[in-house]
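This document opens with one chain alone, in structure tokens, the form predicted alone.
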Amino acid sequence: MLKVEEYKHQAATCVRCSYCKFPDLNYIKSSRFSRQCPIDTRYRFNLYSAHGLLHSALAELDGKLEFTPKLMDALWHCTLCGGCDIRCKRNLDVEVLQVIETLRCRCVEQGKGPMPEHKMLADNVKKSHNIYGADHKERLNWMPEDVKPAQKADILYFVGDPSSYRHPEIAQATARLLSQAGVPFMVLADEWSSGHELFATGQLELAREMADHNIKAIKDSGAKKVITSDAECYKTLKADYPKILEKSTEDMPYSVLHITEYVDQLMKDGKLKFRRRVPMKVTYHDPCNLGRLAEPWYHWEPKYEPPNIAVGKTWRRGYNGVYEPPRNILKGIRGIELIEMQRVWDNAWCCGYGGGVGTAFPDFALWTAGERAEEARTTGAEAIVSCCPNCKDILGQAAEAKKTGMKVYDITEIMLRAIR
């Protein structure tokens, strides 16, 4: 995480302009869907916002503020969606998200955090290498009988905890899709939790243990390319692992692709065609961890020149996330009509599950997802499509609670319909 001096420097750069609370002002289409930050939108109190947390970080660092229950409530309600971070970098280039992540780590180091539910996740991971505490031996039980993974291949499918245990339909669709496209792929016999929620909740030591194990397992497999259908796993393997290890993404012993990136390339190369018609009007939800947070990680040793110029730093501004491949796929399936929501690409509203919020504050997660479900309903689409098991889960709950009548699908399920 950020070293103390850089942590203080980044937090102190905030000028409370409040731009972090809104989508890019050039793209706001209505007052109803004109907000970016879930905690600010829901609680309307300065502490529950990016600049409230950054100024709290300064006060805590200077010994003027302790991790009180109120501060912890605001800190752990943040979904770490990164909307504030990307918006700020249109103005001041402040590493807002890193400051909040570091504040969480400091809270954990002092024994005040994380939330009890997050500690249970850690206990589960220690016991059975997954966040649910399920039997590790059952991790590959999702594998369909009609799919035979290769013993050795250049491509490795990293499944992740949610698709292995809670949403096996996504893992099955991904495996069948690769198989029917004639792509040899491996899976890890001893895949551990990616550690995404551990990292997000400041439990850095255990997250590093997950990173070390999975990196070694991938390296030992001989795979050159890692494919995942889980947006959280994608961001963790691509950005968080090198961040934890103080490396750049390009220094990792593997490259990472989301299944949509890989299929999009197969389509462009003429190696995959969707022959079946799927008549459906859909809208697409950009997962935070596949969109604005999905850019490569660039390690940087802080160095500044007056007045405040970061020398040699490559900024992650969120523009280069995985936005086009899922849309290219949906547009390439006959019968699919894609209708966009108002907040899309790097302006997308969070589903509400991330940052450990879905675990510790399910009611707030559902409220956040409900806002997205309402936005989806205004498009007139009959279904929401996304690229993350947790997005599918919480958006499905919200669509039902709001009585939208909309179905929620993972994009792998739509692709499988079109190829079979």
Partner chain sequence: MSIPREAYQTLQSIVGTEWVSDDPAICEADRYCSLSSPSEEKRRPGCSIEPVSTEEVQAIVKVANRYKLPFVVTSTYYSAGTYCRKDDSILIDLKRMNKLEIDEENLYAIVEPGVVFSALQADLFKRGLCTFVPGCGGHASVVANTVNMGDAPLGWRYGLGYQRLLGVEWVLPDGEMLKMGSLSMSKDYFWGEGPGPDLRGLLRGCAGHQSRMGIITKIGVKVFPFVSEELEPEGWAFRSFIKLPPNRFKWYNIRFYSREDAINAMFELGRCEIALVVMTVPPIFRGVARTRGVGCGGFWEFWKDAGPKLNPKQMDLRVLLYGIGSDKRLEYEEKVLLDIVKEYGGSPREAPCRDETNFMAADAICANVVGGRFSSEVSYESINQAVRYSKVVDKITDEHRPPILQEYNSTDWVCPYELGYIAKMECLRMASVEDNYALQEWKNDCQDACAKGGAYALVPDNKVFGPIWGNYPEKEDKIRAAFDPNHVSAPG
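Residue numbers count along the first chain shown, from 1. Quantities reported herein were computed from a predicted structural model and do not represent experimental measurements.
Missing here is the form predicted in complex with the partner chain; even so, the following discussion is about that form.
K.L.:
Could you tell me which of 241-249, 109-117, 343-351, 154-162 sits within 4.5 Å of the partner chain in the predicted complex, going by non-hydrogen atoms?
P.N.:
The contacting stretch is 343-351.
K.L.:
Using the partner position in the predicted complex, report whether residue 212 sits within 4.5 Å of the partner chain, counting heavy atoms only.
P.N.:
No.
K.L.:
Taking the partner chain as it sits in the predicted complex, is residue 383 near enough to touch it, meaning that at least one heavy atom pair lies within 4.5 angstroms?
P.N.:
Flag for residue 383 set to no.
K.L.:
Does any part of residue 377 reach within 4.5 Å of the partner chain in the predicted complex? Heavy atoms only, please.
P.N.:
Because no heavy atom of residue 377 falls inside 4.5 Å of the partner chain in the predicted complex, the answer is no.
K.L.:
Does the partner chain get within 4.5 angstroms of any non-hydrogen atom of residue 15 in the predicted complex?
P.N.:
Because a heavy atom of residue 15 falls inside 4.5 Å of the partner chain in the predicted complex, the answer is yes.
K.L.:
Answer with one of 274, 76, 284, 323: the residue that has a non-hydrogen atom within 4.5 Å of the partner chain in the predicted complex.
P.N.:
By the 4.5 Å criterion, the partner-contacting residue is 323.
K.L.:
Exactly one of 90, 166, 176, 208 has a non-hydrogen atom within 4.5 Å of the partner chain in the predicted complex; which residue is it?
P.N.:
Only one listed residue qualifies here, and that residue is 90.
K.L.:
Suppose contact means any heavy atom within 4.5 Å; which members of 1-34 contact the partner chain in the predicted complex?
P.N.:
If the 4.5 Å heavy-atom criterion is applied to the partner chain in the predicted complex, 1-34 yields 9, 12, 13, 14, 15, 16, 17, 18, 19, 21, 22, 24, 25, 26, 27, 28, 29, 30, 31, 34.
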